[in-house]
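Single chain ahead, written as structure tokens, the form predicted on its own.
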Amino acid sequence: MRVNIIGGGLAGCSLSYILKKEGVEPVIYEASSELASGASGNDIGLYNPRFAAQMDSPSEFYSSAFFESLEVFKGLKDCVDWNPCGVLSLLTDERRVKRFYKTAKSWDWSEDDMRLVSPEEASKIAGVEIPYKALYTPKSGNISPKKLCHEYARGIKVHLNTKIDDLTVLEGDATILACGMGCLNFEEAKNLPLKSVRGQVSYIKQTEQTKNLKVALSYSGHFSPALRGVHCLGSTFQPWLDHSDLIEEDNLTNLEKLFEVLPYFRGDYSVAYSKAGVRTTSKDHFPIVGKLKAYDDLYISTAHGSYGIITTLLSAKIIANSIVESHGVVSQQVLKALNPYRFK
């Protein structure tokens, strides 16, 4: 059985990885000259669920996606710079306090996976002073999305510099659109309510103030422990822009967001390099995953936004199970929440 995958980012590469495990022959078609050329190409990425106050269908999806991804990351380890250092989601304002307290209660994770901590305990965990309470997820952390894409696609047939305009020219048993905003270029998906969001991350050299940081921090941005002497700091959120050109002022914006939350980190920082990408999201900020109804054997996986490191893998399992007619991995309520036709 052969399945065509349009797109060589996290969505497409995770599909190839899962389909291969199911005994299917996946073939990736990527328009650019390399895998992970777009928003999936960051060297360091934060993996953590999108936390909501209640355990509804979207939360069930993010929770399942997190633990499913952990099992895969454990197998890949150093190949993808996996660092399960833990994440402290800082309770920096009353809105976050209310939401994360409800999260800790309604998600019903064990204390080994999630717990609220005091500023004193947060500081001890972080290795630096943290003046806020925090939601601590010890199994969260950092990974390289770029390396993850390449590991997922190891041993897979990949056609680079190959832009597909007409799906009817492809041979195979099924085709999956996994090309972000590029899905709108196809007649079969042009009416989906997709939106682009530009984000730029800054890779800054560690300083005396930051070198002892042991966990990733999440606030209105995110800040990683240093990897080979460099922290990842991000990210800008610019839904009004749709390009990946670097903007020097965005590095200052990322630093100012960090300093606003943790003012003692203020100082002179050297930006080693930056990376900008255009992520794809949907009208309700939730992935679009499933079969495109009016077409035989055509599927889609897109709109993963800032959580694609974990959501693309479970989405790949959902689609693969549909293609090979295997048992389901999520509830019917989650499938309805992901359905491409939920907006009508």
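Computed from a prediction, not measured in an experiment: that's the story for all the values here. Residue indices: 1-based, along the sequence shown.
Unshown form predicted in complex with a small molecule; subsequent notes refer to it.
S.K.: Tell me the stretch among 81-89, 127-135, 211-219, 160-168 that has any heavy atom within 4.5 angstroms of the small molecule in the predicted complex.
M.R.: Only one stretch passes the 4.5 Å heavy-atom test: 160-168.
S.K.: If we define contact as a non-hydrogen atom of the residue within 4.5 angstroms of the partner, is residue 7 a contact of the small molecule in the predicted complex?
M.R.: Yes - in the predicted complex, heavy atoms of residue 7 and the small molecule come within 4.5 Å of each other.
S.K.: Is residue 103 near the small molecule? Define near as a heavy atom within 4.5 Å, in the predicted complex.
M.R.: So residue 103 does not count as contacting the small molecule.
S.K.: Would residue 59 count as touching the small molecule in the predicted complex under a 4.5 Å heavy atom rule?
M.R.: No, no contact at 4.5 Å.
S.K.: Can residue 63 be called a contact residue for the small molecule in the predicted complex at 4.5 Å between heavy atoms?
M.R.: Residue 63: no, not in contact with the small molecule in the predicted complex.
S.K.: Among 201, 258, 122, 114, which has any heavy atom within 4.5 Å of the small molecule in the predicted complex?
M.R.: Spelling it out, the residue with a heavy atom inside the cut-off is 201.
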